[in-house]
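Consider the single chain below, provided in structure tokens and representing the form predicted alone.
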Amino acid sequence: MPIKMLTLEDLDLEGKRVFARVDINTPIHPETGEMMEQARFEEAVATVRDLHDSKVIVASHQGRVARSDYTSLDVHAKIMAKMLGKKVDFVPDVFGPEALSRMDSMSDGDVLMLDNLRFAAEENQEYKPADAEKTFLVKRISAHVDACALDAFSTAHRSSPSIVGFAGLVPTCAGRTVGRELRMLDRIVSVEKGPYVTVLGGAKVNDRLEAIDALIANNRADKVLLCGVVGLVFLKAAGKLRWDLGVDGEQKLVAQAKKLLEDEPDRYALPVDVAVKGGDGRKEVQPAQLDSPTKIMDIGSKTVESYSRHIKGAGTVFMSGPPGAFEWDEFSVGTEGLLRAMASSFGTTIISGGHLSTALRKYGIHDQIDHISTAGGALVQYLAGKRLPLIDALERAAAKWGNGKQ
């Protein structure tokens, strides 16, 4: 059923202050600190550019608290300014006096970027919409804006205040990215077919375990190919790794993985070899050969070959999260190999997440994939038939503000 939502054209936004909740949360190189891709900037810029007659307040989160990618958005503002070809003012504040004062002094066509929304404690929690409206972040900002454009599809599965709190207080519509994603996904869902192969990698183990449950429940994961940190958790659950991985909540996650393997052992494929740092760089070994704590950086060549056969025989392939640390060339074998297998597959192919979007561009094969989304967990939950808080917010807004231009 089509989603009932307002678009930029449905609201009278000329000369208005528009709070544009985008997602320019970007992978950052762990050593150099440089941003590794611009795909999410390109998506956000499309909405900001179309609001050229408005006063646009751009807001996004970046990273997670206490992690290396948890940074200010001052560099983000410079990147967006270069892409827009116009000045983007940056304020090192979220909803304090300086931020609100700068909002009030904007002129038509101005673009102001707030600092990292997660610098505000409330944005790190999830709320019911009525409670989100009462947060300081939403109450203060909503009093200084005329409308809201929700364009953070990759954060659509989070009920944070900036996602669900504005729809009941100011006219709220979908931005360009959200509209494009939903139209494309509706088309893909209508033509996809089995068998369904899901490739799950990356470091967000808890998210991946939730994804497995959701995709299996919705018959979207006939075979699950595991890699990345989540693959290591499953290897430990299978007794093939015997040391602590340093993952938050590791004991609980390993127990969950063990139960999944016990319940349906034939559904899951685990890495048969892995890559570690050796004296001359990359060294490939079987997991059981590692008898002491070792940092595993990638899946091995035999695993790439095995997984690629599953991918090429699938009717629909969904991949979320990289198999290894592809930022380093010697540990990009898994990521490049599986992405090239997807590019040559005759099935419907869907890539999820900012890291894989970056990798596709690095290898020059992004035009050989049916759908590339910078969204990770949000896309998984959408494909699994789950309701997303951002979509609920848009539908509430359409019901409240949809009678003529506001």
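For the two forms, the rigid core is made up of the largest set of C-alpha atoms that agree within 1.5 Å on superposition. Start at 1 with the first residue shown and count on from there. What you see is a predicted model; the values in this text were computed from it and never measured.
Only in words, not in the display: the form predicted together with a small molecule, which the text now covers.
> Heavy atoms within 4.5 Å of the small molecule in the predicted complex: which stretch in 148-156, 263-271, 281-289, 101-109 meets that?
In short, 148-156.
> With the cut-off set at 4.5 Å between non-hydrogen atoms, does His61 touch the small molecule in the predicted complex?
Yes.
> Heavy atoms within 4.5 Å of the small molecule in the predicted complex: does Arg40 have any?
Judged by the heavy-atom cut-off of 4.5 Å, Arg40 is in contact with the small molecule in the predicted complex.
> Even though the partner isn't displayed, in the predicted complex is Glu210 close enough to the small molecule, meaning a heavy atom within 4.5 Å?
Heavy-atom contact with the small molecule at 4.5 Å: absent for Glu210.
> Indicate whether the small molecule has at least one heavy atom within 4.5 Å of a heavy atom of Gly337 in the predicted complex.
No - in the predicted complex, heavy atoms of Gly337 and the small molecule never come within 4.5 Å of each other.
> Would you kindly say which of Lys223, Lys240, Arg118, Arg180 lies with a heavy atom within 4.5 Å of the small molecule in the predicted complex?
Contact residue from the list: Arg118.
> Please identify the residue among Lys277, His310, Arg140, Lys204 with any heavy atom within 4.5 Å of the small molecule in the predicted complex.
Among Lys277, His310, Arg140, Lys204, a heavy atom within 4.5 Å of the small molecule in the predicted complex occurs only for Lys204.
> Any CA movement of 2 Å or more for Gly347 between this form and the one not shown, core superposed?
After core superposition, the C-alpha of Gly347 moves less than 2 Å between this form and the one not shown.
> Establish whether a shift of 2 Å or more occurs at the C-alpha of Asp69 between this form and the one not shown, with the two forms superposed on the rigid core.
Yes, its C-alpha moves 2 Å or more.
> Once you overlay the rigid core, does the Cα of Gly376 travel 2 Å or further between this form and the one not shown?
No, because once the rigid core is superposed, the C-alpha of Gly376 moves less than 2 Å between this form and the one not shown.
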